[in-house]
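Encoded as structure tokens, the following chain is the form predicted on its own, with no partner shown.
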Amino acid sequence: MAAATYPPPPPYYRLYKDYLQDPKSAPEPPPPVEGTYLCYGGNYTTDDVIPSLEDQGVRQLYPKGPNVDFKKELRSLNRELQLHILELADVLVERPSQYARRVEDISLIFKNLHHLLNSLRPHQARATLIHILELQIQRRKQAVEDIKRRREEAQKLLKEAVGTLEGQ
């Protein structure tokens, strides 16, 4: 039995056979998907909204509302996580059969930490974009200064050449 390295192209490639001679002969691309859609058995949405912990069925350990002090809450959850890990180690040594509740508590803290960090992603993206744009501006200013410096050097050389030619 022979097996192809790559599968054959999809049949709609024939719609583009005259594209080089007439680019308008190809069909328009489909419109972008908006709203919710199904992909690999899961429902997804095109909205960039982070679902709340309650929507995910997880108890929220930090205060609700738009004015959350992320730094304070992350530190608090980190300390709580350290405490629970130490308690888990203690339970595993003294009462190994009772570890499940501690593991669930640690899982809950991790989910809250993860949600808080995901809430900071838009701020991180904005700060990264600002940094990239500032670097681009700095590079362009340096390029302009380099061009000015080289232009002045070229003008100086031209004046010297003109002076040398006039002196002969």
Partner chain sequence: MDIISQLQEQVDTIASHAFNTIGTLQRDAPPVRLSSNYPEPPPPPPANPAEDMAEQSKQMSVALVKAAKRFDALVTALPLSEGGEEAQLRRIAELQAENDAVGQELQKQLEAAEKALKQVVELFAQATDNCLNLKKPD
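Positions refer to the first chain, counted from 1. Model, not experiment: these values are computed from the prediction.
One more form of this protein exists, namely the form predicted together with the partner chain; it is left out here, but the text below deals with it.
At the 4.5 Å threshold, heavy atoms of residue 101 stay clear of the partner chain in the model of the complex, well away from it. When contacts are judged by a 4.5 Å heavy atom cut-off, residue 64 does not count as touching the partner chain in the model of the complex.
Taking non-hydrogen atoms only, residue 83 never approaches the partner chain to within 4.5 angstroms in the model of the complex. Residue contact with the partner chain in the model of the complex: residue 91 places no heavy atom within 4.5 Å of it. Of the candidates 33, 38, 49, 137, 137 is the one whose heavy atoms come within 4.5 Å of the partner chain in the model of the complex; the others do not. The partner is absent here; in the model of the complex, the one residue of 144, 20, 157, 15 having a heavy atom within 4.5 Å of the partner chain is 144. Residues are counted as partner-facing when one of their heavy atoms sits within 4.5 Å of the partner chain in the model of the complex; in 104-139 these are 110, 113, 114, 117, 118, 120, 121, 123, 124, 126, 127, 129, 130, 133, 134, 136, 137, in sequence order.
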